[in-house]
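Just one chain is shown here, as structure tokens, and it is the form predicted alone.
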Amino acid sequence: MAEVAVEELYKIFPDHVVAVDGVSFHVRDRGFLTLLGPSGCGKSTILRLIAGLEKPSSGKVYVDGRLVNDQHPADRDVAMVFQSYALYPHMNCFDNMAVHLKLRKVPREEIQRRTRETARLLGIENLLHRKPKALSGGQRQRVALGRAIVRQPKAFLLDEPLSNLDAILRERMRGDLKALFSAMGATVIYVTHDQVEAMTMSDTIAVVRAGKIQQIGSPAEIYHNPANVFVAQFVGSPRMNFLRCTIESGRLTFGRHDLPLPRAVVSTVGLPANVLLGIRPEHLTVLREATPGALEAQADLCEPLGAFTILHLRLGENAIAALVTPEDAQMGGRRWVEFHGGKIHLFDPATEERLKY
């Protein structure tokens, strides 16, 4: 396997649409980086630029320390797995997996060995004689992965490979893929709009918006220390709550409610007078009786999700959501909400960047 790096990568299409806007990142050898973002943000274009399927307007792409900008896709020694699987319908699974080896004139015995070993690894030995139309979505995805694996590339590029699968199969395939690439010691760049895939599979996440990387870090860092409002909203389910506040006399004031500033913020100088308070639903405690420091709210709506429930509340004119147990999920009536002070995030409402303190 190998390292992959991009430096100041730009892609501007003829209609002046900037699809990739100065992107730089480095994927270590055997690393698993996920490009996470909404549809149309440029993450698939970044992957295609690395694969050589698109030519960058400017910037550099390195594979194993080698500049590959001017190299043909077949010479970059990377393997791409597409969302659509891209299997040849007239070939059986064995031939679909072996096609690149045959084009490279690999000896027949080596093709047989590598293809059958990969099929065993993926649990599809009994499907090698079938054609794609006779396979389920999950089986087709494994064949597409197998075609990439038999090439023994320096890096794997996966473009939303699970998006066509149903929820149960997608959950199973997440675990299978993570275990597979870990066992292989593979270098992987993975594209998805699904934050659960990104959080559970990656060791590094790059959050992309409008062609720019908003933040790069471990899943824990992205979740607990979002760089800006966009990252905070996009990562985490249910989404983070936001309240527009004013800092007055060491307290955060919104409407008729107020909260003490987090301890880490009290001595910070240069904070703006107006801030955006962010807190995740799981960092709120909902009570049925008033307690010191808890804010009075009205329970409006419940969303049962089995092990827990999303309870929607009104704090004056502000709407927030909290995660509660099913026993505490009854809507209607008054509640009191405690904010976990150490879990509060403050953002600049003008720049939407998280405040440093």
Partner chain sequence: MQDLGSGMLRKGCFILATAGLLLFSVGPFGWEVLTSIKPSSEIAQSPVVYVPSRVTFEHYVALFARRDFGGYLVNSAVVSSLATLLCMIAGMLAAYALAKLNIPGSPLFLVIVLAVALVPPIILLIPLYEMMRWADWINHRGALVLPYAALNLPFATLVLRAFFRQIPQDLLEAARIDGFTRVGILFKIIVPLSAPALATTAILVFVFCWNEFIFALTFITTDAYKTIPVGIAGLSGVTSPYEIPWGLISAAAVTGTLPLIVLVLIFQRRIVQGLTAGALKG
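Positions refer to the first chain, counted from 1. All values derive from a computational prediction rather than experimental measurement.
Beyond what is shown, the protein has a form predicted in complex with the partner chain; the following relates to that form.
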| query | finding |
| --- | --- |
| Q233: touches the partner chain in the predicted bound form, heavy atom cutoff 4.5 angstroms | no |
| Contact of L87 with the partner chain in the predicted bound form (heavy atom, 4.5 Å) | yes |
| Residue contact check: G52 to the partner chain in the predicted bound form, 4.5 Å heavy atom | yes |
| Contact label in the predicted bound form: Y223 to the partner chain, heavy atom within 4.5 Å | no |
| Contact stretch among 73 to 81, 169 to 177, 275 to 283, 117 to 125 - heavy atom within 4.5 Å of the partner chain in the predicted bound form | 73 to 81 |
| Whether L103, P132 and R147 all lie within 4.5 angstroms of the partner chain in the predicted bound form by heavy atom | yes |
| The single option of H193, R209, K154, R151 touching the partner chain in the predicted bound form, heavy atom within 4.5 Å | R151 |
| Contact residue in the predicted bound form, from L287, V265, I216, M91 (heavy atom within 4.5 Å of the partner chain) | M91 |
